[in-house]
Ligand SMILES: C[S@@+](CC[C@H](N)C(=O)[O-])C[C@H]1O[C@@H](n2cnc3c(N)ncnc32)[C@H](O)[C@@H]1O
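One chain comes next, on its own, written as structure tokens: the form predicted alone.
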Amino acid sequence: MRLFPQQDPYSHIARTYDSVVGPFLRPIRREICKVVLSQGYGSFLDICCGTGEQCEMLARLGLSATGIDLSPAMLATARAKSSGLVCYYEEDASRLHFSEESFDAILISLALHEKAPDVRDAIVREALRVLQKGGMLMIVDYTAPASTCGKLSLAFLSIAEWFAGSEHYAHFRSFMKSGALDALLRKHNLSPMRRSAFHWGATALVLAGKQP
């Protein structure tokens, strides 16, 4: 079942996504590369990979990278700039076709907050299903910052969420009201092994291992 069967909501931003959003994501993407390389992981799955920039970065560093996304427009952009080293699939992140324990490392970056709560939970469960025991699940998403700078940063970022559309923004608001990233981790019994804050604490990269 497609999550947006009528129209691809990313069709109008896919071609400009990297130039507009890329600078905002660059520090996070570099940190992800450092983490994956330092842990010696060989296979990597980017769930909701968008234009594939993170996959391409890791593929150039020698990893076996795979990206999945439901947006044909975003995947068209990813494939157009692809080095040929990354496998891309158009599919529902809550119903992955991969076998259990297929990947060493899995990333879900700034995607869960824009999904309905039941879809959000299904995506996390699927990620854990296809993650190898002893592997690493990496989640990047919004947090509930305590500092004034963090709150101002979140307020600025929320404007972009509003511009993404009413349904997208409603899911974002629901995500924040429920406790944001930390509440999601608790719900799925994920204990962060490492945490890196970005944008004055408005976003965070959390690493949670799957127990052997």
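Quick caveat: nothing in here was measured; it's all calculated off a predicted structure. Numbering starts at 1 and runs along the sequence shown.
What comes next is about the form predicted together with the ligand, which is not displayed.
The contact with the ligand in the model of the complex, taken as any heavy atom within 4.5 Å, belongs to L70 out of M57, V35, A144, L70. Among the residues A93, A78, V86, M138, the one placing a heavy atom within 4.5 Å of the ligand in the model of the complex is A93. Note that among 170 to 178, 57 to 65, 144 to 152, 42 to 50, the stretch whose heavy atoms approach the ligand to within 4.5 Å in the model of the complex is 42 to 50.
In the model of the complex, L190 stays away from the ligand, with no heavy atom inside 4.5 Å.
Taking non-hydrogen atoms only, M74 approaches the ligand to within 4.5 angstroms in the model of the complex.
Within 4.5 Å of any heavy atom of the ligand in the model of the complex lies no heavy atom of W200. At a distance threshold of 4.5 angstroms between non-hydrogen atoms, V130 is out of contact with the ligand in the model of the complex. Looking at the ligand in the model of the complex, residues Y17, L110 and E114 each place a heavy atom within 4.5 Å of it. In sequence order, Y17, L25, R29 are the residues of 17 to 38 having a heavy atom within 4.5 Å of the ligand in the model of the complex; the partner itself is omitted from this view.
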